[in-house]
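So this first bit is one chain, no partners, the form predicted alone, shown in structure tokens.
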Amino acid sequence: MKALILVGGFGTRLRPLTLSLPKPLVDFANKPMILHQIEALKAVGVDEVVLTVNYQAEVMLNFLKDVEAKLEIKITCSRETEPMGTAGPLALARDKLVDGSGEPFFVLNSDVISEYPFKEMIEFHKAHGGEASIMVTKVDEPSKYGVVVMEETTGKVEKFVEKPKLYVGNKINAGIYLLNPSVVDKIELRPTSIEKETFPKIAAAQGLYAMVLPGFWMDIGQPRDYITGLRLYLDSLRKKCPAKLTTGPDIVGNVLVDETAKIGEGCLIGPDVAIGPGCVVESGVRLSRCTVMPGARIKKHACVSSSIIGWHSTVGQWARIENMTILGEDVHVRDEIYSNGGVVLPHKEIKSNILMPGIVM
């Protein structure tokens, strides 16, 4: 079986982290975002993954060579010379996806994190016999999204309504699809949208079905949603494999600490914290709702909440970092500094307080 992961974009919403690495390689819960997806695909028998890339392709390929060997899965890239939207990449990768077997293939948006119920999706697709299956997820505020209107019993999709003013339903496209090869024939080789152009055509021909995603879902393409996604992911881990979570007298709630990280005495860590490989957390530190990327150091008695600390960055003693502060790679915050929502570009030193949310060049 094959899968296509839509990697495309420049990751602007997740800057400054994406100034150092392409977004799919940014760590989420201590491993690159895209690795969560590739591992889940491998588990249901996918043996070839195609990535659509137009930004920092070499970096992606170098990283994925290791993954290919480790997971024993074939990974290839389909290069975009211009942004091709969400459907164009399928036409571009046609030779890689359509091999004459007639077997359906997965298409994933690389920003989406969930429990990836691919096995259930394959069964659902076989059962309804249509041309395409999409995952949908329930949301509290459907007016911000494109809503999928469907028959509750069969899952057959009737139509899509973009950002509805009146309530038409609460299920939105979750960015996970299973498509028959015939879908590729419906897509022209040009920048085009699968949600706005391809799917409505298939729905009109009664061939599109939607499955409600069990468990959590989050598009982690921007910092606030990344932090929320981490909470949902760790919650799910608690239910499915609690042994992976870290426990101890200094731990509160769900916390993931890499085995190579060092934690000092008298800390209070959690809830909803991920501490990456090679990190050093000195004594008396308080961490909550945050990610500490590989190689970072949090010095004595610092406090970090609702923030992301980039690779090899340092937070000084008694510093206070909060309210969606994002430190890019190799940022050094001096002792006793306060940051309220500062977004700091890589390789900077912060010597004075950041009192209001803003970008520090």
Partner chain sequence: MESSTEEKVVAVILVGGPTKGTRFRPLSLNIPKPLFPIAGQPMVHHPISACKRIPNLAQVYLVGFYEEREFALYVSAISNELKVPVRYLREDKPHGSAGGLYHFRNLIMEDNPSHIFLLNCDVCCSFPLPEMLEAHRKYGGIGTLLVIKVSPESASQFGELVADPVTNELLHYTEKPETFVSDRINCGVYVFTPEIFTAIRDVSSQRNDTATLRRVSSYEALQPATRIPADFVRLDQDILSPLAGKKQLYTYETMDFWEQIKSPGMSLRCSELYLSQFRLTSPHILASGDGTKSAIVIGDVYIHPSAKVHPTAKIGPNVSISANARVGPGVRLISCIILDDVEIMENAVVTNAIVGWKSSIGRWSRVQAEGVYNSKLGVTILGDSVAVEDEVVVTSSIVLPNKTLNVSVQDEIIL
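Residue numbers count along the first chain shown, from 1. Predicted model only: the values in this text are computed from it and were never measured.
Omitted from view is the form predicted in complex with the partner chain, to which the following refers.
- Here the chain stands by itself, but in the predicted complex one stretch of 131-139, 215-223, 260-268, 150-158, 260-268, has heavy atoms within 4.5 Å of the partner chain.
- Though the partner is left out of this view, Glu48 does not reach within 4.5 Å of the partner chain in the predicted complex, counting heavy atoms only.
- In the predicted complex, the partner chain stays beyond 4.5 Å of every heavy atom belonging to Ser20.
- Mapping the unseen interface onto this chain, Ile337 counts among the residues with a heavy atom inside 4.5 Å of the partner chain in the predicted complex.
- Using a 4.5 angstroms threshold between heavy atoms, Asp330 stays clear of the partner chain in the predicted complex.
- For the options Val285, Met211, Ala174, Ala274, the one in contact with the partner chain in the predicted complex, meaning a heavy atom within 4.5 Å, is Val285.
- Of the residues His36, Arg320, Lys42, Arg297, just one reaches the partner chain in the predicted complex with a heavy atom at 4.5 Å or closer; this is Arg320.
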